[in-house]
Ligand code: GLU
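One chain comes next, on its own, written out as structure tokens in the form predicted on its own.
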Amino acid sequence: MSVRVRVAPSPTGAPHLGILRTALFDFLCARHHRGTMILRIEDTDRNRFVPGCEEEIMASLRWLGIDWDEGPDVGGPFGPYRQSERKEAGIYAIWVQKLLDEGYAYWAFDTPEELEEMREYQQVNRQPVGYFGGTWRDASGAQVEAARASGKPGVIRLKMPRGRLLVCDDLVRGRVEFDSDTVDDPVLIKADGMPTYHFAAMVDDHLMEITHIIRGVEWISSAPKHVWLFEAFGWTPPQFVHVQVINGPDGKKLSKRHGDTRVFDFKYAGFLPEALANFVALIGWAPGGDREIMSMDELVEAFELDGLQPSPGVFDIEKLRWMNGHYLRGLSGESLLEKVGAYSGDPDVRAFWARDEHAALPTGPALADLSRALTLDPALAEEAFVLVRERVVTLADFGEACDFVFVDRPVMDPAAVGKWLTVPHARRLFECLAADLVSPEDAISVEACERLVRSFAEGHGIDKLGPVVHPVRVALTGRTVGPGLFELMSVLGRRRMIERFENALRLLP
């Protein structure tokens, strides 16, 4: 049997980490087994439908490296792949009528007031809350016809069995049993004629020949309804795979304060899709061994559903940052230039950093300056990116990390100036280095830069390099920390260093 999996998002809001992880597990499962990946848009909730959301879902998945074999944009033999279109095609009407005809479903015409009264009664009497039949579960055909003829709005509900044990064989949790007497009768078709998730998703999973339903553990309480629906139709259910929730490092359910945000916000924050995919795949799934850094191909090769964990996964933004830094350091200078250039020039990135919660940060202006500098001297930019990449973890960090390279005069940290430009030998140091750097050739090697600094220290009886290195760094960058001094000197070149030493001399008392 060929594996067929589906990711089935609802276009009711921007995609977040939950749908991203489910889609990634679906993708890895399909590719590992050389099966089929399906994208199905479950857009039956028209009240919550958000225009443009479907497009963002597709773009987010593709940015992460996830593609699909069948879907609304690529077609396939089991279309349409939007549930609203499947409803208009009459697909659901056929199957709900079958349930009605065979007594597995029924019309119910309860008013909102009657339903609220029912819930209040159940709560007061500490009964299971839900619809367990009311007036309509065993109503006669004449009662139903009279209600419909009068124009009374109604829904179609699934008639759950009573006195039964319903079993869901879940790949992660094993056998899960439910007392059918505690399971309410779910709505299959709403009053507006649209199918609910309970009905449309299960019908589509059967008709599209889905072999594995991978979804969040929050759906396990609905499993008995879905198991019974498959039994009522006489269908063999797919393999259910309920993946655990994602928690923050504090053990609480993931929220925005932990870093749970829309997928594209990770892109705008400067994370690479390869790093995010690697990181998300390991939340709740273990590849075996101590592997952490894995390419998409390696994830596909290693992925097995039995590696899914029964305990909640943990989203740790610091681990993601570490992983992203690892991927950045693996890029060539040419790739860094391309990625940082595209990132810093992206208007959506600029809009992200201009949001109220980011407006006070220097990241946005630094990226704007970086984008302008890239157009003026891309060769220098590439050298600068390679120089600082050991000290950055996101694409956004390059703006601030490199800002001293492209300006005529770097912003001087007063504390750094007060500590290192006041040493007794500062004036002589800057004068000597500026004089030694004079040459028709602007380029200078790392080794030559080191010789200049060491020569001054030896010639002036300074045993340790620190008292020389620190003033030079402050004069050239305005900071006390940064990349290797001799490497950054080489990147700056003779002309820039001379100008900065002359500027530093003007700051001396």
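These numbers come from a predicted model, not from an experiment. Heads up: residue numbers just count along the shown sequence, starting at 1.
We do not show the form predicted together with glutamic acid, though everything after this point is about it.
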Heavy atom within 4.5 Å of glutamic acid in the predicted complex: which of 219, 264, 121, 235 fits that? Just give me the one.
-> 219
Have a look at 54, 70, 42, 450 for me and say which one sits with a heavy atom within 4.5 Å of glutamic acid in the predicted complex.
-> 42
Only one of 142-150, 155-163, 316-324, 207-215 gets a heavy atom within 4.5 Å of glutamic acid in the predicted complex; which is it?
-> 207-215
How about residue 504: is it within 4.5 Å of glutamic acid in the predicted complex, going by heavy atoms?
-> no
Partner proximity in the predicted complex: residue 197 to glutamic acid, non-hydrogen atom cutoff 4.5 Å | yes
Contact of residue 5 with glutamic acid in the predicted complex (heavy atom, 4.5 Å) | no
Are any of the heavy atoms in residue 10 no more than 4.5 Å from a heavy atom of glutamic acid in the predicted complex?
-> yes
